[in-house]
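Let us start with two forms of the same protein chain, each given on its own as structure tokens and named structure 1 and structure 2.
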Structure 1
Amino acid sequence: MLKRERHQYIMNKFQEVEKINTIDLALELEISEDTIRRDFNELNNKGLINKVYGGAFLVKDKSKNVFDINIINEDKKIIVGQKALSFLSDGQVIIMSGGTTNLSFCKLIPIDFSATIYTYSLPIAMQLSQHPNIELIFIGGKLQKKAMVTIGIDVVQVLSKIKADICFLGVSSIDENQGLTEMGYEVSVVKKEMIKASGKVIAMATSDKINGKMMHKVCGLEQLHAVITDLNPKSPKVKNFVDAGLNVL
């Protein structure tokens, strides 16, 4: 029995029992206690089990993977993303802002889609790196760790020098009167610059973002080419936007 097999055996055993005693397992597998202890130590160091005096327990809440992005309201975001697909066409130069709505959208982009995409979001860049025909350009700068996006003067400078066909803009808040607003000043500056650099601007907003107001203004509704939500365009919640002449879908 190879070491690796024993380790697997131990981990499987925890399906049946809550605790494994060192001595018992040594008898069961007919090997020395020392070996079991060494196994326990290794698994313990890997964070898989909890070694105690006399045996070991399974570690249950294994810390979740750093790279697992938890998307809240993913179903709504998928609806938004699917609608946004209609704005894609091969050969475009695209600016993709950050946020989980845009991340959901990126997951839906056909694998063979061909374009040049600028982004400053780490998760979105990783997602898009799966697409062989997308030329991907990451806009560097200081990282805002929480959102996993770069921000600041470096980002603005790069954006000020490019020209894109279309920008998919994740929104924090959208309101009939205030337009798009953001919580952080720096993000609002970056988004302004993205709008300036893009021919068309598509606002990607799940319904919970509607009628919110935040500190820093990004732009008025008139600067948006379209607003995409998870709602039916006839929904009363978006009636104001439609009435204002906005392209809502």
Structure 2
Amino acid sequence: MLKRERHQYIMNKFQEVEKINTIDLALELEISEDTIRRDFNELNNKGLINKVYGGAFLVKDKSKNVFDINIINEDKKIIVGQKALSFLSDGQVIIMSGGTTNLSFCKLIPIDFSATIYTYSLPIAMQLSQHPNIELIFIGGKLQKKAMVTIGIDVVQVLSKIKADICFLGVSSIDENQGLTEMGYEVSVVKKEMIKASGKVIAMATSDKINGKMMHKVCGLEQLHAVITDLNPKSPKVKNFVDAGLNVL
């Protein structure tokens, strides 16, 4: 099969499935995994698919509204958000980090909820702007376009002057020994400052983020008031965290 034919075969297959596994496709076409990876790389560079570890997803049509965000694993993130609602009280000063788990949470906040909320996330700011009783403060700075969050010294300086009751912190990865870690250094710095500014820190972690490690440390588990996941607290996947004395919901 020629490369052009393989590319068309891959795009046709995405009409049937949401994700294609590298190994499975290599076996199906009786070719090497390296060939499939090269095909995925070329299609990814053309903007047709999203290449991820072990496979690829189809790039869905982009909405004309940049804030109409496709949320992966939304069902899990809604579960996390529903659990997080119990930490809300009228009159709080809240810091909200970015990420689609927190975005899903914001969509669940009652329309009459009254609080002051600081965020550096454009999508979250847009979502919360629909709440008439929320005093919304968007923290400006250098925009990280992919995540649509602000980063840099301007954000850190604003956060250093805030005294918040609670912070809802999106999690990229969490590990029993390493704590919370991030891929990007600048985001890790901003999150460290959020933690310093907050009386309580609630880590919002879907199950795919648990037992993962990234390059830049944010904080240890001892700095967290609670970790909210989509799992049952008795799940074996979070047993080590519970045994370590962490409040897992």
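Computed from a predicted model, the values in this text were never measured in an experiment. Only the largest set of C-alpha atoms that superpose within 1.5 Å between the two forms is called the rigid core. Here, a residue number simply tells you its place in the sequence of structure 1, counted from 1.
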{"query": "Selected structure - the one that is the form predicted in complex with the DNA", "finding": "1"}
{"query": "Threshold 2 Å Cα movement between structures 1 and 2 for Ala197, core superposed", "finding": "no"}
{"query": "Val238: Cα shift of 2 Å or greater between structures 1 and 2 (core-aligned)", "finding": "no"}
{"query": "Angstrom displacement of the CA atom of Glu18 between structures 1 and 2, core fixed", "finding": "26.4"}
